[in-house]
Ligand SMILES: O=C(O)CCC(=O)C(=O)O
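Taking the form predicted alone, here's one chain by itself in structure tokens.
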């Protein structure tokens, strides 16, 4: 059964707005990888969650895995560079990130992939965004999370000590440097009661 969103006690506004990005704090992971984190970048995040949950044309997918076809355990939507985003706030967020990281990234964020985790049974397995240029050069992936918090885990590619960051209710994480090549990340299933969450992943052209 899909759970309804329990609103944040610290974000009781319907005015959806972004804070400045100067509050980002960087953690260096090793091997040239790093993450930037800004909790609560977006205020009114629960209102945005409701707009996206009801307004995005979510699709369910099936993929071949382990010699059989299985359901992808989350709902998906993708917006390429020429596509209008499903909410003006997402365009504002993409443009703010592009401006902030212009010197370091050298190009804008152009695409937005959305994942809808309906409850604790939805997840994404360990992976790096290595389809395209992320497999051979440094890049960035910025993730804005709205809805109930879920843990994002990171570890060195092939295994090692795990870094855990709970993300939800307007939190921002940016994975940069070699992170997509030398580290992996996942959102594991949760046996605890977990409300729904939507993540919005902003990427440069040619990174998936």
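Just so it is clear, the structure is predicted and the values come from calculations on it, not from any experiment. Numbering follows the first chain given and starts at 1.
Note that the form predicted together with the named molecule isn't included here; everything after this is about it.
Though only this chain appears here, would residue 129 touch the named molecule in the predicted complex if you measure heavy atom gaps against 4.5 Å?
-> Yes, residue 129 sits close enough to the named molecule in the predicted complex that at least one of its heavy atoms falls within 4.5 Å.
Proximity of residue 96 to the named molecule in the predicted complex, heavy atoms at 4.5 Å | The answer is no: residue 96 has no heavy atom within 4.5 Å of the named molecule.
Determine whether any heavy atom of residue 72 comes within 4.5 Å of a heavy atom of the named molecule in the predicted complex, and answer yes or no.
-> The answer is no: residue 72 has no heavy atom within 4.5 Å of the named molecule.
Residue 115 near the named molecule in the predicted complex, any heavy atom under 4.5 Å?
-> Although the named molecule is absent here, residue 115 would touch it in the predicted complex, with heavy atoms inside 4.5 Å.
Residue (of 52, 45, 143, 38) lying close to the named molecule in the predicted complex, criterion heavy atoms within 4.5 Å = Spelling it out, the residue with a heavy atom inside the cut-off is 143.
Would the named molecule in the predicted complex be within 4.5 angstroms of a non-hydrogen atom of every residue among 124, 197 and 201?
-> Heavy-atom distance to the named molecule in the predicted complex: all three under 4.5 Å.
Neighbours of the named molecule in the predicted complex among 174 to 189 [non-hydrogen atom within 4.5 angstroms] | 185, 187 sit within 4.5 Å of the partner.
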